[in-house]
Structure formats: structure tokens, C-alpha cells
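Here you get one chain, nothing else, as C-alpha cells; it is the form predicted on its own.
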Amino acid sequence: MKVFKFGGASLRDAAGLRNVASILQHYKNEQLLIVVSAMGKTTNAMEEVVVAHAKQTGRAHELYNAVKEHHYAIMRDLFDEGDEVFTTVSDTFVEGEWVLDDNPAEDYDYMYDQIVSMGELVSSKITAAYLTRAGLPTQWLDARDVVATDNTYREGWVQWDKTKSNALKVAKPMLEKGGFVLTQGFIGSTSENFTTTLGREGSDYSASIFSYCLDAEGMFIWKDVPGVLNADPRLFENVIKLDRLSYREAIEMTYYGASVIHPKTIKPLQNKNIPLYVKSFLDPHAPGTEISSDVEETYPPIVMVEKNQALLHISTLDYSFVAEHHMARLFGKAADLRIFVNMMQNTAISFTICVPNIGDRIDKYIAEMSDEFKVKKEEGLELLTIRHYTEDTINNLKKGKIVLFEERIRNTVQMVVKNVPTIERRDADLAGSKS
């Protein structure tokens, strides 16, 4: 049994679904569990719906209807008028409308999960129906019947024993019937049957969960790139495809922000020695990248860029030393708000942390710390991480940047940077020409 995962880019329109079906034709005699994301940029659009509903702007239904129409347009291209998939999808969208018809929930994260999860549910129902229509009989599985989580909305923690039991009880018999089984990434369910999500871009993690629980032979992620690259091709030229990676290197890359794979994906696979293949849905016969245990760890420089970072400069109001009890409170509140600390630096009377600039969480953190600390926020920053660095690589990445602080550990260097303002660049060029 293999687990395939198709992301939003592969399902963004009718042509994308046709391409996915053509890829799967080559596997029609194999036992496959297929995990799909929401179509295209649906998750972004659904997040706008949540914000509009929370702020009661009056536009939530308008934005939601735009999402619906996009999906109906794709269905009209794929199915005959009157196909039962139209009723199935309409009924699913109604569940989201019920949430929008109520007053906003006090718990924003809970409300987020109930609305945004509609994207995966609708995408999976359309994809399953189309594959069956294309001669690939496909059973639809509700991931919430398998993936059990705690009540941490927007970043549910998997309850592994319950999830494995569910997978063997629900998913395995479906696979044994023959044909494909198709389910959703990104979503799970609490013990009270409320929908949770596993964190942004969490569909890779979902595929890893199913692979682990069902002892998959291999897991395949289908992307719009030829495999795992040593840098983001949207940001850098002359990137290199990595043919093979160790689990350890893949874990390090994803931890430091490599966006090709969700950070939590690798460890469950490593625990059962399940190989992961990253392949291109644009060139499905190309070899892609294999991630497994049997790899020689010799790599070129690998660069990760995390945009939209903020530095929080923290000091005590009375300018006393930042002591251990201060640290305990600062980190405790960060954990409560699920703020991930990427880097940190401290002096006797100040403490600086680099964090993803997630507005609602950071603003809440600053407000709750203001009784004891002065917190200054610096925005518009990037976090650069270079694995297996060379000095030439570091120097090239520093061009046009101001380095706010830098840290080196073994074969990894991290830098928090901001762009040099244009006038400063001109002054620097003039100074250079004079010398």
C-alpha cells in the first residue's frame, strides 16, 4: 500500500484534476490511499472569510460565495449538468454557511477550523467523484473519522493510539475492498467531534499520519517542482535538485523553514523506515527526490528563507536583569499562544526573540507582557538559514541586506536580516567607487 498526496497547486483547476487522473491511471492496479489539499488558493480565500466574519464586516457571505462559485465552475467543466456531485458539494458548503449565520465564536481558532476545513472537504469530494468518472473507482473517506486530535484548534496534536486504532478499523477495510481511497489532508477531529486543523500546509503531515498508521510501503508527495531543491526557485537562480536526502537532513531543512514539506512530516516516516518520494506532477516520470535512511550525507549549501518575521526586543520596566523567572514567564506565554521562537539573544537587561509575525498572536503576547516588560516590535524582516554553508554563500546572501544578528552552530548559520534602503545602497556604491 502506498500513500499519495496532491496539494492545492495540482488541483487548482479542471486541467489540474485531469492531470492528476492521468497520473493515477498508471497506478490503477495498486492499493492507494490518496490525500488531497484544498484547491488552489482556497485556504487563503477561506481565511479572508473567517476574518470578515470575526470582524462582522458584512462581507463574509460574499467572500464565501466567491469560493463556492470557483468550485462550481471547476465542476461544470468536469461533470455533466445534474451530476450528483453538485448536490454533494452544495450540502457540504451549507455546513459552512451555518457557521456564518451564527454570531462569531469567542474562540477565533475554533471558528477558523470549522470554516477553513470546508476547503479540504469540498476538494476531496470533487476529486473522488472525478476519479470515479475517469474509470478509477474511488471511495471517499472522512479524515475526521481517523485522525484524532486534542482540542488545540488550528494546530491539533495527534492522539496517536486512537488515530492508529481508527485507521485500522476504518481505512484499512476500505483499502481491502479494492480501488482507491481518497481523504483530506490538514483536518482531524476532537473527542467531541469538532473539526480541528493540523497547522498551515498540514496535508503533508496528514499523509505521513496515514502512512505510519497503515504501514505504507512508501509515501509520495506530488509537487510543482522536480523534487527537493537546495533553495526556493522563486527566490534564487541556478538551484540544485537533491536526488537523495537522509531523514535527518530533511527534518533539519523543514525545521528551519523549507516549504517543500511540512515540518512534522518526516518523523513518523522515520520511525517506521517508510521512504518518502517528492515528485513532480508536471513531469511524473522524472525520478524526483528520495528521502530515506540509507543516504550518504554530503550536500551542497541549502538555503531556507522565512519571510514575515519580527524581532521582539524585551526589557524589564525597571531595567533590572532579565533573570530566570522572567524567562520562564516569557517562554510560558509564548507556548500558550503557540508562538514559535526561531532565534533568541540576550544581554543582562534585554532579551530579543525572532518570531513569525502572526499579528493576532504577537499583539496578544505584547499586551499580556506589558505589565512587567517593555516590548518593542520590529517588523518586515527575513530569517535566512544556510545548512552546509560556505563563506561565499553567506557573503552573497548578505548583499543588499542589513544583518541584525547572526548565529552559527556546527554546519548551520542563521541570520535575521532586512533590506538596505535604496538611498543607503547608493551611498555604499558611491563610497565604493571613490575608494
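When you see a residue number, it is the position in the sequence shown, counting from 1. Please read these numbers as outputs of a predicted model, since none were measured by experiment.
Not on display, but discussed next: the form predicted in complex with adenosine-5'-diphosphate.
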Name the residue from 249, 109, 201, 306 that puts a heavy atom within 4.5 Å of adenosine-5'-diphosphate in the model of the complex.
201
Heavy atom within 4.5 Å of adenosine-5'-diphosphate in the model of the complex - the one residue of 218, 233, 137, 300 that qualifies:
233
Among 224, 227 and 259, does every residue place a heavy atom within 4.5 Å of adenosine-5'-diphosphate in the model of the complex?
yes
Would you mind picking out the stretch of 73-81, 233-241, 209-217, 145-153 that comes within 4.5 angstroms of adenosine-5'-diphosphate in the model of the complex, counting non-hydrogen atoms?
233-241
Heavy atom of residue 14 within 4.5 Å of adenosine-5'-diphosphate in the model of the complex:
no
Just checking whether residue 182 would be counted as a contact of adenosine-5'-diphosphate in the model of the complex - the rule being heavy atoms within 4.5 angstroms.
no
4.5 Å heavy atom contact, residue 9 to adenosine-5'-diphosphate in the model of the complex
yes
Contact test in the model of the complex: residue 269 vs adenosine-5'-diphosphate, heavy atoms, 4.5 Å:
no
